[in-house]
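As structure tokens, the next two blocks hold two forms of the same chain, structure 1 and structure 2.
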Structure 1
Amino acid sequence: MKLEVKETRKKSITVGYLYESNKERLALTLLNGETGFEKEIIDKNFHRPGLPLAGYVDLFSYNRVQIFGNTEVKYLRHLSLEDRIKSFKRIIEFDIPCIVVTSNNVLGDELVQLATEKKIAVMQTSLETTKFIYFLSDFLDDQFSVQAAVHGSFVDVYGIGVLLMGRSGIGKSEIALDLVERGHRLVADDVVMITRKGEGILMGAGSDIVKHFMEIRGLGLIDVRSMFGIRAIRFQKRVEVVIELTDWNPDEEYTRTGLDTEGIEIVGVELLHVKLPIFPGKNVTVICEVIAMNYLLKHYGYDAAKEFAKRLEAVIDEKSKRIGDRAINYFEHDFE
């Protein structure tokens, strides 16, 4: 099953935005002021232009952030000034977004001047190349990740990210509130912002404006954080289980053993999907806890449904060998 949601992904970020959001974390200094701040970065990958500097510009990924590490800088330095300018000019002929020089390396005024003429920002960082790449990839991955707003309530139950879904008014918020009352932590209510991180991981969070606010029908808006305190909330959580609350429908088939579970796909990631029919008098909160614990057990290698099936098979196997057995044997002379 696939959940239909509108996905969104940033098409580009400007060089200025990259600088402003990371100048402290990435220890960046500008070598030619705010030159080329309006240029756009459209790729989440970076590039180390060793080969283009050496003269091979076929397949040059020029539209990525260009990182000059020790190798590039040392290579340029070993050339004569004339050759150095020629080599550098070769790559800035391309429309590259910006250049970052790592490990406090120096590019030289001549080259920075050339970059300024081409309106290309040159930044310097005190971080080593590997560390810089690690942080930069993390930032760009996040910026260019796929996002979607999902209608539901999102709670951390025993450390498992449980997303409650279902039609408007079925009681998602009330169940979330009940879970909070029992010591679990609310991540978001009504609007859950989902971000795909790497392959197969979804992170959920509330939107910046309505963080930890909740609407209870007939009561209005409440603030879970000020009401229940810091222990009752959480800013983000990996989404692991989707519980879909449905009105009880006698014509629909629900799983009885838990062996035939079907997943749900949300923005390209497959998650465990539990369809939970609800009716008055049913304690959905406890069932949500049980679902989370069952998921935990499975995570630790114990699948109750499979274990039961195994036990049953063993008994049947045993029985086929013996005759006249009863379903249960009481302890002898124990009448308690």
Structure 2
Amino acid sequence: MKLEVKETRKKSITVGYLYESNKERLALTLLNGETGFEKEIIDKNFHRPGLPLAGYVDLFSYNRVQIFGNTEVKYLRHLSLEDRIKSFKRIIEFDIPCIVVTSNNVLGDELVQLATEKKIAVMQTSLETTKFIYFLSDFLDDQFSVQAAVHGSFVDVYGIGVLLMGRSGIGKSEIALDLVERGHRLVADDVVMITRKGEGILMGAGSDIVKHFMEIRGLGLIDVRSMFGIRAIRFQKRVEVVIELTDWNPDEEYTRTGLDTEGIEIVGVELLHVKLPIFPGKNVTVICEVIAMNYLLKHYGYDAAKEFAKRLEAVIDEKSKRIGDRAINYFEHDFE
């Protein structure tokens, strides 16, 4: 089953946004002010321009963030000033978004001035190249990942990200509130922003406006963080189980054993899908907890449905070898 949602993906971010969002996390310092802040970054990958500096530009990925580490800086230093300028000019002739110099390396005033003339931002960081690349890749991957807005409630139940879905007014927010009351943590209500990380991971979070506010019909808006404290919320969580709340229909077939589980696809990632019929008096909150715990058991290698099926097959096989025996053995005394 595939959930039809509108997928979005950023086409670009500005150099200014990159700096403002990461100046503390990546320890960034501007070497030529806010020059080139309006330039756009359109690729989530980065580039280390060692070969272009040496003269080979046929495969130069110039539209990426250019990282000057120890190798690039030491190469430039071993050149004469004239050759250094010539080498640097060779790459800034391309439409480079920005340059970041790592490990507190010094690029040189003459090269920074050349970059400024071409309106290319030059930044410096104290982080080592490997560590800087790790953080930068994580940030850019988030920015350019596929996103989708899903209507539902998202709760961390025993460490499992449970997404509650269903028609409007079926009780998603009330169930989420009951789960929070029982010690679980709310991630988002009403609008859940889902981002695909890598190939098989979905991360869910609330929207900037709603965050941890919740609408309870007949009561209105409540602030879960203010009411239940910081322990009752999370800002993001991996989405692992989707529980679809449906109205009870006596004519519909529902799974009875759990052997025939089905999945649901959200933005290209397959997740466990549990279709849960509800009716007045049914304790859905406890069932949601059990679904989360059962998922944990499966994660650690124990599947109750498969274990029961094996046990049943073993009993049937044993009984078939003992035809004629009494099905039930009665005991004289009821001792444990």
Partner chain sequence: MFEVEVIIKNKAGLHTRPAAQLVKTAAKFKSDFYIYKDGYEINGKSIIGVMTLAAEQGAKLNLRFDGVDQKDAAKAVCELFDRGFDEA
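Remember, predicted model here, so these are calculated numbers, not experimental data. For numbering, take structure 1's sequence and count from 1. In this text, rigid core is short for the largest set of C-alphas that superpose within 1.5 Å between two forms.
The form predicted on its own is structure 2, not structure 1.
A movement of the C-alpha atom of Lys282 reaching 2 angstroms or beyond is seen between structures 1 and 2 when the two forms are aligned on their rigid core. Core-superposed comparison between structures 1 and 2: the CA of Met123 stays below a 2 Å shift. Superposition of the core reveals a Cα shift of 2 Å or more for Arg182 between structures 1 and 2.
Lined up on the core, Pro250 has its CA atom moved by 4.2 Å between structures 1 and 2.
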